[in-house]
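One chain comes next, on its own, written as structure tokens: the form predicted on its own.
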Amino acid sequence: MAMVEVKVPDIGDFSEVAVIEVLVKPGDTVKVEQSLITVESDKASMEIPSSAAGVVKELKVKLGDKVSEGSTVLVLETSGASEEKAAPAQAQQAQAAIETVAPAVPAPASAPAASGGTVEVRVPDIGDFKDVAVIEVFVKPGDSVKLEQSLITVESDKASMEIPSSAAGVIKELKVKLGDTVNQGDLLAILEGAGAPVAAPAPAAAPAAADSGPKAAPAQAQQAQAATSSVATPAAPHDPTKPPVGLPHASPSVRKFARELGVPLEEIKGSGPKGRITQDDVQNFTKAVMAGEVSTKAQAGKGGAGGGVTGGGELNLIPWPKVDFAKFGPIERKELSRIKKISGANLMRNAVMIPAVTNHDDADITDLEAFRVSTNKENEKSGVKVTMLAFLIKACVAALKKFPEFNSSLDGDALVYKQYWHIGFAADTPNGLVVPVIKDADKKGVLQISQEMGDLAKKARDGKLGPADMSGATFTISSLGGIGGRYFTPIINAPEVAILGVCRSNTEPVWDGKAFQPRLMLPLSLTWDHRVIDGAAAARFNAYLGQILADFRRVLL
């Protein structure tokens, strides 16, 4: 083991930038280029990535601290190598992120023909960043802008930055809008009556400037950086109850996270320093909307929260009825458990958003049940009791391998096929339904799966399941076991695309071609996402699963 100090890389002329977010804690395992902290200057916020991989041994900064180039962020315990060679690249990346707040040498096209003419303002050199999103537009046609006045804010995955004007004048035409993506050299605006662009070379000096070539750019970037580092009015704490002024106070990663969830940041009250919105704030807001505890402005305009039971929201349903139940007779009110609140919001979303279809079938498990009983007798001393659910998990893995679309997830317009088989199983607890996950079920035998199921079920009953125990499932089985019932329609556990429901098996007369024979039949209810799976594939999956359960030797094929 070796100890490595991770330091702030070269961030240009900026110094004493404030730490506004700490993304890791001692004991965390970090990868190369994983963001460690978020810092903020007057013009840009950026995330400082790690130059090495390892375990965080000691944090050297906290919220509110000021850091500069060379400041120690944390100490990592690595596996032996002193420091990753990625450090120089990281320094270049961070420097590129901060330098994009300042324009580079204006292109010849940006120079006005004469005072009172028009000038094209373009995106300056923004380093290695490509297709950065325009997240804020500060000006509109007809506005007068000064030299170095910010025109737009752009954002990459690691940093947000303001692009200043390279000239002064009146905006004749704006060439970008919110949501556009821009690159170096893209046209931002056309100015009328513009003065000379910043640091425009004199005509006599043009040949010399041309000869100097790339050497002039760094000096010009430093000069522009110094201009943009002038003290600006600090951003006010974000408060959704007040009229919006600019962007909500949040880091680039939090804004990206909110965009992916479709969460309106301007409606969230931040809990971080100076009212800054954190990732926890976004998650809590999302849960509250899904539970119907709060409404977004878009939902309120349509009659209520779409995620809970208080209204129809964007589905344009009529509001949920409000009834005084006590006037009809005695009542007792009990608050929902935390598990039911969380799972209820997820179930509501999945039931509404997934076009789900359910196939019902029966599997003959007569021989498999006899084998299960004999196996338990032989392993009585081991203390491991094999259940039918353990066999079902192995059978499902075989079916998922034969029909891989059932082991996939939708990601936008793409389908992600997973090359691992983690099977979730619904467990009933006193506080509500939870879904522990058997990881890498394809690599485990029925006895090992039974042992893990017993351990996870006990942790579930004791309320000791951790997030790792319930994450990563590619397919889920919901078993009502010996409770009863015949068929039901389980709700898909997004982002999975299918779920298998099983009920209590029953002995039934089955025609074998000559006579009716008593056979133990297991009801199967397969619910699937029709965006990914069609009816024929679902029927084949159920039929193949039934064949495996009828003759478990097929698992070996």
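Start at 1 with the first residue shown and count on from there. Just so it is clear, the structure is predicted and the values come from calculations on it, not from any experiment.
Absent from the display: the form predicted together with oxidized coenzyme A (CAO). The rest refers to it.
387 is the sole member of 387, 71, 359, 375 with a non-hydrogen atom lying within 4.5 angstroms of oxidized coenzyme A (CAO) in the model of the complex. For the options 503, 53, 532, 59, the one in contact with oxidized coenzyme A (CAO) in the model of the complex, meaning a heavy atom within 4.5 Å, is 503. The closest heavy atom approach of residue 428 to oxidized coenzyme A (CAO) in the model of the complex falls within 4.5 Å. Residue 478 belongs to the set of residues with a heavy atom inside 4.5 Å of oxidized coenzyme A (CAO) in the model of the complex.
Oxidized coenzyme A (CAO) is not shown here, and in the model of the complex it never comes within 4.5 Å of any heavy atom of residue 468.
The shortest heavy atom separation between residue 353 and oxidized coenzyme A (CAO) in the model of the complex exceeds 4.5 Å.
None of 409 to 417, 281 to 289, 144 to 152, 481 to 489 except one has non-hydrogen atoms within 4.5 angstroms of oxidized coenzyme A (CAO) in the model of the complex; the exception is 481 to 489.
Residues 453, 457 of 436 to 463 are found to place at least one heavy atom within 4.5 Å of oxidized coenzyme A (CAO) in the model of the complex.
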